[in-house]
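Next up is one chain by itself, shown in structure tokens, the form predicted on its own.
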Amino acid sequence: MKKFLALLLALVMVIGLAACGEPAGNESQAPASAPAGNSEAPESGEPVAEGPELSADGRYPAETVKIGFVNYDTTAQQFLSLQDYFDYLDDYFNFEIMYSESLDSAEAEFAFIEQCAAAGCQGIIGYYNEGREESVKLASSLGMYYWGQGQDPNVQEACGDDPYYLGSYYVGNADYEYGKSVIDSLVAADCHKIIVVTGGKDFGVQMFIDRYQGMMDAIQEAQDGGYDIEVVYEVPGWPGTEDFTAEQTSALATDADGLASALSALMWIQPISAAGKMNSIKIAAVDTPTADMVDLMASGLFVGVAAEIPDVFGLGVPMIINAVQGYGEEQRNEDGTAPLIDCGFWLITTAEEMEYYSEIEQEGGTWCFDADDVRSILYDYNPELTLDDMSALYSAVTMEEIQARR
């Protein structure tokens, strides 16, 4: 009898061990798939984290986050590139963008923000801001987070403590340096009589004020060094208006040999061609890398581009998603104020550089910050995330740094 019981016990143990080694029937679960993007599935035997809850189509977060986007020029290349970037991110993250039309006044901006609230938006990206701190306060009063315009000290001072204000990107004195660099490029190209395109300078938009000041200081420095250079015409405002078109015509009637633009200068190519001055005017501008720009630089028409990276504005998406998901406090400074995330920019002076950056910044490209990069600054994927981590990512923008992340 004892032998029988011993044999029975041994048999039970063998069966138990076999059951532990391979679950039976429908109780077995396949390993979680790798997140969308460039991540790879874990190797066999490695532990698999469940990850955050996803939507039915596999995007994060589970519920759609609707975001309003305040725009000043729907035809600008930077905006078009940014739209492509959002379309790319939309394959991995569950958000929806409500774009404004081209806005040219604070009143129009306020009206759009109110429309966003009525449409159920949870956040606003201030790609453009003429209402300044009043726009932030309006969004906050309507229960929407606001990201953007952190480089405006008035916005940061007035709204930094508001929990609905999420801060922005920060590129130090980059706008001023943009302005200096476009003049320096024209000086290097032996230009002496300059058309200056000022954008929103006369409307009080700080980024354009800074760019203009950089241009003026660079001109003064060149003059102090004995270089013959002067401004022969200033063109204010936004493309696409009758006033801007009239100013273009008047500017091109001068004997200018260089054009320094505080915003995209692509809208000048056709008027320059029509004026018969394709071979007599060189352009340097704050612009966006595109495939067309490669040929323009190779031809010598464009001699310098200070490029604000379109992907930088995409930082607003993960920061708004983080806030909506309950991580608003985690992504604030230690004193509770809204953060300014350090970001980089590009100064492009050769066709080869333009080719590289334009290829990553287009549909089908790898982008400066891809889905894995964005995922790394979402708290549900990276609970140990810090503001320093965000700055480390968004300031690493050279060719070598981008390639290292791939």
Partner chain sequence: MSKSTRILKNIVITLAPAVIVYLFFLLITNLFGEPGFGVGDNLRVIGYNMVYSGFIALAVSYNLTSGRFDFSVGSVLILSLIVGGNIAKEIDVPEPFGAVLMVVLVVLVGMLCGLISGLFYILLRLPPMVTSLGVAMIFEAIGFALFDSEGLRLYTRQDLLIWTKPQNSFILLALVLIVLIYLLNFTKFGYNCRSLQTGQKNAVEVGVNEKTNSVVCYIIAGGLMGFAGIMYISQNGIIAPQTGLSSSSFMMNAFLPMFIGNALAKYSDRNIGVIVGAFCQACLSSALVYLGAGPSMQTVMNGVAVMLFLIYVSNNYKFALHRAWREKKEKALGMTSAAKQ
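Rigid core here is just the name for the largest C-alpha set that superposes within 1.5 Å across the two forms. Keep in mind that this is a model prediction, so the values were computed, not measured. Numbering follows the first chain given and starts at 1.
Not on display, but discussed next: the form predicted in complex with its partner chain.
Proximity of residue 236 to its partner chain in the predicted bound form falls within the 4.5 Å heavy atom cutoff. When its partner chain is considered in the predicted bound form, residue 242 lines it closely, a heavy atom lying within 4.5 Å. Its partner chain is not drawn, but in the predicted bound form it has a heavy atom within 4.5 Å of residue 203.
Contact check for residue 267: a heavy atom falls within 4.5 Å of its partner chain in the predicted bound form. Shown alone, this chain has one stretch from 159 to 167, 286 to 294, 327 to 335, 189 to 197 that lies within 4.5 Å of its partner chain in the predicted bound form by heavy atoms: 286 to 294.
The partner is absent here; in the predicted bound form, the one residue of 273, 220, 173, 280 having a heavy atom within 4.5 Å of its partner chain is 273. Among 261, 181, 248, 322, the residue placing a heavy atom within 4.5 Å of its partner chain in the predicted bound form is 248. Relative to the superposed core, residue 234 undergoes a C-alpha shift of no less than 2 Å between this form and the one not shown. Superposed on the core, the two forms barely differ at residue 127: its CA moves less than 2 Å between this form and the one not shown. Shown in the overlay between this form and the one not shown, fitted on the rigid core, is a CA shift at residue 199 of 2 Å or greater.
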